[in-house]
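Shown here is one chain on its own, the form predicted alone, set out as structure tokens.
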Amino acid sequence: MRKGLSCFAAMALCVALGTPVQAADTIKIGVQGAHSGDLASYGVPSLNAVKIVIDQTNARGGILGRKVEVIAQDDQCKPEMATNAATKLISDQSGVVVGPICTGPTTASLPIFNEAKIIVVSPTATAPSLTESGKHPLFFRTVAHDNAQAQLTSDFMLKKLKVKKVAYLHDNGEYGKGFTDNNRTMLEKAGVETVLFEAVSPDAVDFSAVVRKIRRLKPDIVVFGGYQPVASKLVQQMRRDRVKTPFIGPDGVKDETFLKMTGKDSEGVYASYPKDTSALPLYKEAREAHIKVYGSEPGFGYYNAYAAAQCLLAAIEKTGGIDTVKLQDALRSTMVDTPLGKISFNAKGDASGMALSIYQVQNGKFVELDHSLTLQ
């Protein structure tokens, strides 16, 4: 009885001090994201990636002589569910976390992870404030933030498309509005006219009113900020109403589900996304592993999450455990070979070394164009 009380007291003390409780027999890696719901096509590929990396690691004997275990929590990319998911990951003794996937849930979860002193590496949360505010020193990401995406897309629109008038539509979320805000700032500074800046409801089924505005205002391009479900409906409505205005969005648009939803209506759509690294041996290995295990091509964010898991495991192995300060230093100082290329993290927590490109839908597939940006 005394022994049980002593263990309980020790665990309580660890929680009170904000130190992750780690089981002696396994290293637990939490994975938080949309594993169900409308945005599961974003979250499930990341969960699959972590499972594959960990299965491969365990097949080689684990890390530091210990097996690695996945602890998954579904937040459906909803901030109101994210805090519970984060709390559950902590109570389940996750030592580090891959995720969350979406910006809103990440913003909601980080104070909880910060208090518990848990390192978080997101594969797809892109809001600049997550790293630039200085409020989240334990946060890292293997994806470009919205400022970088906007820099790439605005440069492409100016130099390649020669746009003069732009209509901006966003889903009023932090991710979508941030992307359009940044593009607008950069383009207006270059003398480009804003003819429309408007939020649309993600739950809407009829976008005919805003499509009529686009037809009347005749912009050179529509810049959209948000995720593929809304982008799909917007593009379909535009093409159905014979509005052929070019359409460009962030990485949330470059998703196989977008192509399936829009069909031929997606032809010509542009999106920013990590540069194609499919010629790299590690990319091929990661792709083949997913096909072997799940019988399909990887989805959105898969390679980013694969890289996140690799970076965390490399840091754990290098430091000999899950010490927050040591892991921070290792993540920033260690260059890791990943499917995205060799990456490490800068002082803010952003990935450096990877690159972004512009893609366009051509004959039903996203094709990389000759316009890119390397992250510093």
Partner chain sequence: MDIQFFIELFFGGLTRGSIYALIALGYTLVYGIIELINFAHGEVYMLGAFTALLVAGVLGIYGFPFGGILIVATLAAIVWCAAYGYTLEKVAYKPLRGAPRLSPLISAIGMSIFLQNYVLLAQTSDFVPFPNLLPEMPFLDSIEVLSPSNFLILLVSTLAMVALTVFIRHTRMGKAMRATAQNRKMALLLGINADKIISLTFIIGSSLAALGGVLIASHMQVINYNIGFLAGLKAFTAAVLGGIGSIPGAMVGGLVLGLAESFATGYFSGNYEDILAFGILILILIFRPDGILGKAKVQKV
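This one's a predicted model, so the numbers in the text were calculated from it and none came from an experiment. Under this definition, the rigid core comprises the largest set of C-alpha atoms superposing within 1.5 Å between the forms. Positions refer to the first chain, counted from 1.
Missing here is the form predicted in complex with its partner chain; even so, the following discussion is about that form.
Only one of the listed residues (88, 287, 233, 275) places a non-hydrogen atom within 4.5 angstroms of its partner chain in the predicted bound form, and that residue is 233. Proximity to its partner chain in the predicted bound form, defined as a heavy atom within 4.5 Å, holds among 139, 175, 207, 247 only for 207. Stretch-level contact analysis of 141-149, 209-217, 181-189, 294-302 against its partner chain in the predicted bound form, using heavy atoms and a 4.5 Å limit, identifies 209-217. Not displayed here, its partner chain is approached by residue 203 to within 4.5 Å at the level of heavy atoms in the predicted bound form. Interface membership of residue 115, defined by any non-hydrogen atom within 4.5 Å of its partner chain in the predicted bound form, is ruled out. Proximity of residue 268 to its partner chain in the predicted bound form falls outside the 4.5 Å heavy atom cutoff. Its partner chain is not shown here, and in the predicted bound form it never comes within 4.5 Å of any heavy atom of residue 76. If you check its partner chain in the predicted bound form, you find a heavy atom from every one of 229, 241 and 261 within 4.5 Å. Residue 139: CA moves less than 2 Å between the shown form and the other one after rigid-core fitting. Superposed on the core, the two forms differ at residue 237: its CA moves 2 Å or more between the shown form and the other one.
Fitting the two forms on the rigid core leaves the C-alpha of residue 294 displaced by under 2 angstroms between the shown form and the other one.
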